[in-house]
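Below, in structure tokens: the form predicted alone, a single chain.
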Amino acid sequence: MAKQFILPKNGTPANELLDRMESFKSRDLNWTEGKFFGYVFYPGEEIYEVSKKAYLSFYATNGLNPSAFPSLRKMETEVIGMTADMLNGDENTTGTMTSGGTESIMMAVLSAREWAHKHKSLKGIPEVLAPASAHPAFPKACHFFGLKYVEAPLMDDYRVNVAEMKKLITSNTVLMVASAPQYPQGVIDPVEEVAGIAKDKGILCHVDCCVGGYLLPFLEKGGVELPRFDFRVPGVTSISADTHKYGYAAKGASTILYRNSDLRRGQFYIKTDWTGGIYGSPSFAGTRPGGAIAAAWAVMNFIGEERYIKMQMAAYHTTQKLKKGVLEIEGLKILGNPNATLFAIASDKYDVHVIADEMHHKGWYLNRQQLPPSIHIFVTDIHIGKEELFLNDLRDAVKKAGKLTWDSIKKSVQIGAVKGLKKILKPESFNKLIDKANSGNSPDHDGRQAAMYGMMGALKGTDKLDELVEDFIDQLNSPEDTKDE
């Protein structure tokens, strides 16, 4: 395997390298076309060019040591200040830029742990209490930092069940979580209720605003009525907000804000007895790319409040048109009551993964969800004006999904076989069969994944599903044959 990748003895000409790199993109998502939902937030060439130029101007700089690059310190301070103002912080609100929402959330969890060690008398492992819909970065942070992760159930509208959440609080609970909005169905958790309980119990409360941080404030200013979710709410002690989502900055930029500097200190790491000198790091990363900080600062200043309001309101109105069109298609429904520009399409009549397959063949890239099965829609600036194109293709995809095709028959047989074999085979025999069936296989060459999702659903609740996903991630992140085509 390693022999496939050998450093060339002599350098390759720049033009040849750039041409080869362009050819690599042939299998990538075409993110400028606007037929995708998620991963890339493309605001058009004007803003995109500002972001690129700002990033390149500072691409060699490192935000680890602010004294070496005071320019980065100035820009980061101003990004945090602008974000804190947007989220109704006060003169005590402080924070740090990070590489993304996951790092921001991890810093909030780490800070809660350190705060608890200083201010609470814990009798066991510190606990984080979060909705079942919370981003996986929360259990990931608990896994990394040695905390216990506790999930609270959801109500029928997919918001966290506050009454049940309250019952799960223990003397070791150090952090309660709410999302604004949560990712799967796009609803805003009852932040005021969660934060109120946290405040009464002497517990910290984090609001995951990674998606909504640079969206919800401008929707409010545009006249959209939303439940309160930010530092206006007593008891909210930290908020994460991603600049590289609806802030439309370059990738690798998020913010973590705290109500005061004492809370932020918990995310710092300091070592004073290292032979290389005194080492201090303000976040998880050591080296911090200056380009991401500069691009965030430049884009936020370039767009400004009025244009942000126009952009986010346009995305909101596009969302309303899409939701209305989806509900007019017989057999489809929208989960919960989404507050902003994210929503999930589900069906009691059709297999939504088959619908997603059909949309894939029309050039749309749609994220699939489970529990319950649904298609995730994430509306941004690139989707404005594409409502009818999407809805026309969706109507056609639903019609095709309703027909008894050979693909749907194969899928039914596969799922039925998996469910039946689970009942009659010994665990070791069943596992061997699944191993054989998946050996060397990937999703069908034509991109259809409905059968794969159906089989995963049949395996739900078994250790085998975790193993299969682990194998898939390992395969996805392993070297492949990269011969030029």
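Here the structure is a predicted model, which is why all the values come from computation and not from measurement. Residues carry their position along the shown sequence, with the first being 1.
Not on display, but discussed next: the form predicted together with a small molecule.
K.L.:
Work out which of E127, E76, D242, D230 lies within 4.5 Å of the small molecule in the predicted bound form, going by heavy atoms.
P.N.:
The residue from E127, E76, D242, D230 that makes the contact is D242.
K.L.:
Quick one: of N161, T318, T102, T94, which gets a non-hydrogen atom within 4.5 angstroms of the small molecule in the predicted bound form?
P.N.:
By the 4.5 Å heavy-atom cutoff, the listed residue in contact is T102.
K.L.:
At the 4.5 Å heavy atom threshold, is A296 in contact with the small molecule in the predicted bound form?
P.N.:
No, no contact at 4.5 Å.
K.L.:
Is the gap between H135 and the small molecule in the predicted bound form 4.5 Å or less for some heavy atom pair?
P.N.:
Output for H135 is yes: heavy atoms within 4.5 Å of the small molecule.
K.L.:
How about I355: is it within 4.5 Å of the small molecule in the predicted bound form, going by heavy atoms?
P.N.:
So I355 does not count as contacting the small molecule.
K.L.:
Do Y183 and the small molecule share at least one heavy atom pair within 4.5 Å in the predicted bound form?
P.N.:
The answer is yes: Y183 has a heavy atom within 4.5 Å of the small molecule.
K.L.:
Just one stretch in 151-159, 356-364, 203-211, 280-288 has heavy atoms within 4.5 Å of the small molecule in the predicted bound form, so which one is it?
P.N.:
This holds for exactly one stretch, 203-211.
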